[in-house]
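As structure tokens, one chain now follows by itself in the form predicted alone.
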Amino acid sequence: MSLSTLNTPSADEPARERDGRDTAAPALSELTTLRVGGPVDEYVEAESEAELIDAVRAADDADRPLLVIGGGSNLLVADEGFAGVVVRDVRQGLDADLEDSCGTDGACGGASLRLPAGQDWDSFVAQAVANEWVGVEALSGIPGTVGAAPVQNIGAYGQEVSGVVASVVTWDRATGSRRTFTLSELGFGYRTSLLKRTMRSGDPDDPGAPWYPTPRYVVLEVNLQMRLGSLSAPVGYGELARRLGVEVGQRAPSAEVREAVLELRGGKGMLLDGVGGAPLGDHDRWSAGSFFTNPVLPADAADELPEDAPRFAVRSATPESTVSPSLGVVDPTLVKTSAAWLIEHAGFTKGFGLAGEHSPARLSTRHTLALTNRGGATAADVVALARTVRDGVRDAFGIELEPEPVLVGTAL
């Protein structure tokens, strides 16, 4: 097995400390955007698909806990660390097959793209916009990797990745074989998918369930189908439409959409250091992005919220075409509201911390939905803040906020 791994001993230095930890492995605080989390037993970087499969299979065969990571932007790992194998997919690149012929209706062909799971997401979005591949421009600035995108069904500003996914190639840890899921099989929903649900659901037909903290199906490759054109998919979010000077449902130049989204995200502290010109060392960016998902409520439950509470239509995650899932069919029985609104109206202001301005973990000074590390926070500090916010919203509105990051070795 040829692996790029950091647990090989040197000639004059033992590879492991007395507690069995890998002395060469980085701590999880070095691998996650929250910058908290303790040491790991073993750390492997996979530079090919074969190396990734070998590392996953070796951990499973040895019955060792497994944590597969990409950009580390959706993780909160305990201060005690991870007593198992951490595998990071570092593959980059893409293969594109383009069909650029145009029909009499003015619609042009598309781009069929094949990307390794380790590919940096925002670098891909920048390339897509530059090449006029339509359908991910509003997903600019989201940290993480391509492989994590369909697991979470990432979305922002009216787009979701489900709008361009054609299929996902995975490694099935239960059967020890590759398995490909088509769009219709992936079970996309708001910030969820079949892949993600295997981490939590106890499937009676799957003796290995639940698979946690790594799904049963480890993403190897993502295949996307994207329209060609200089104009974006229909803009599906009011704030973005206003910034662009268009109506919801209209299109705008994709490059302008990307620029506007980066500006909006930057103003909310939702960009990593250096992305979109974001300055270095800004602790509002030491976060996992949005820490809580926006609650999706039965319509009658949403009617019990205050009149000024935001209400958003819940639309099909799988669009009727590949332009954008944000304009799909509305489900009249469900309403989505704003987690940030609930947090603020439960009494938690921007910059809130359990010990005031000296708190090591605080809500972002720009956006109440981000829990931030002010430079010396531990995972326990972040968890304590998250619990306080969750409990405050539940007491005020009877709504239980759900964390968006994967919590490893800890819980709210």
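Sequential numbering from 1, following the sequence displayed. All values derive from a computational prediction rather than experimental measurement.
From this point on, the text means the form predicted in complex with a small molecule, which you will not see here.
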> So which of N294, N74, S193, S254 reaches within 4.5 angstroms of the small molecule in the model of the complex, heavy atom to heavy atom?
Replying inline: N74
>> Exactly one residue in L186, V218, L240, V335 has a non-hydrogen atom within 4.5 Å of the small molecule in the model of the complex; which is it?
In response: V218
> 303 to 311, 240 to 248, 122 to 130, 155 to 163: which one contacts the small molecule in the model of the complex at 4.5 Å, heavy atom to heavy atom?
Replying inline: 155 to 163
> Can all three of A111, V136 and S232 be found with a heavy atom no more than 4.5 Å from the small molecule in the model of the complex?
Replying inline: no
> Heavy atoms within 4.5 Å of the small molecule in the model of the complex: does V36 have any?
Replying inline: no
> If you check in the model of the complex, is G353 within 4.5 Å of the small molecule, heavy atoms only?
Replying inline: no
>> Does any part of G266 reach within 4.5 Å of the small molecule in the model of the complex? Heavy atoms only, please.
In response: no
>> Contact with the small molecule in the model of the complex for E402, defined as at least one heavy atom pair within 4.5 Å: yes or no?
In response: no
